[in-house]
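Take a look at this one chain, the form predicted on its own, written out in structure tokens.
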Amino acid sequence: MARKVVAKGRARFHRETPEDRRRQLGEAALRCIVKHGNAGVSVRQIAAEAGVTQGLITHHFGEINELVAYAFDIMSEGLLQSLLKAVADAEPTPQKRLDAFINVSFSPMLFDRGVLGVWVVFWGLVLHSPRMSASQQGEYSNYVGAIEGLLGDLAADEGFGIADIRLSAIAFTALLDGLWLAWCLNPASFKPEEGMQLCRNWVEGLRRGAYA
């Protein structure tokens, strides 16, 4: 957004970089998808939301799927960074860091039914858009990698074995994703606190050799 500075009676403007503009368009795309679902995946609607011409979207992204994938990158990276910040802010022990990851995973920031519609749009594009597929694979790899680090640190600190840390991280990811989806579809099915306890039970099984 242009920023006007008054100096010596003349207006000076901060020129946006191409990345600034791309970011604004990506955020506008996210807002459109939140409001309209699949119908929001439209150059016309996104341009109107951003207050720009349709040609500007074509200039920066070429096609709509590239813009939507970029919007996915913004959202997924933001969520992962929020998770990692909670871990970084926790007490510096493997147990407390893993607890922080679990707790924030069931917080209102992530347990939000309004986000489900956005993910449904993104998932639908994965099968048809190579760019979207690549973004999803990158997001999943980063997420699983973060969990690998947390589980590996816990095992090293407490002295128990994990035969395949990657597969154990994938299993824990599947548990978290499954609980999130089940709650979004029917919040009455369980409370977030119960979801946290299920995850802690899984970790206890890990300690007892479930993946040794």
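In this text, all values refer to a predicted model and were calculated from it rather than measured experimentally. Residue indices: 1-based, along the sequence shown.
Below: the form predicted together with another copy of the chain, not depicted.
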Just one of 146-154, 42-50, 167-175, 22-30 has heavy atoms within 4.5 Å of another copy of the chain in the predicted bound form; which? 167-175
Interface membership of Lys35, another copy of the chain in the predicted bound form, 4.5 Å heavy atom rule: yes
Does Gly78 reach another copy of the chain in the predicted bound form, with heavy atoms at most 4.5 Å apart? no
Find out whether any non-hydrogen atom of Gly117 is located within 4.5 angstroms of another copy of the chain in the predicted bound form, and reply yes or no. yes
Evaluate Cys184 for contact with another copy of the chain in the predicted bound form, applying a 4.5 angstroms cut-off between non-hydrogen atoms, and reply yes or no. yes
Position in contact with another copy of the chain when the complex is considered in the predicted bound form, options Thr93, Gln137, Asn103, Ser82, heavy atoms within 4.5 Å: Gln137
State the residue from Ile74, Ala88, Met109, Val126 whose non-hydrogen atoms include one within 4.5 Å of another copy of the chain in the predicted bound form. Val126
For the stretch 188-203, which residues lie within 4.5 Å of another copy of the chain in the predicted bound form by non-hydrogen atom distance? Ser189, Phe190, Glu194, Leu198, Asn201, Trp202
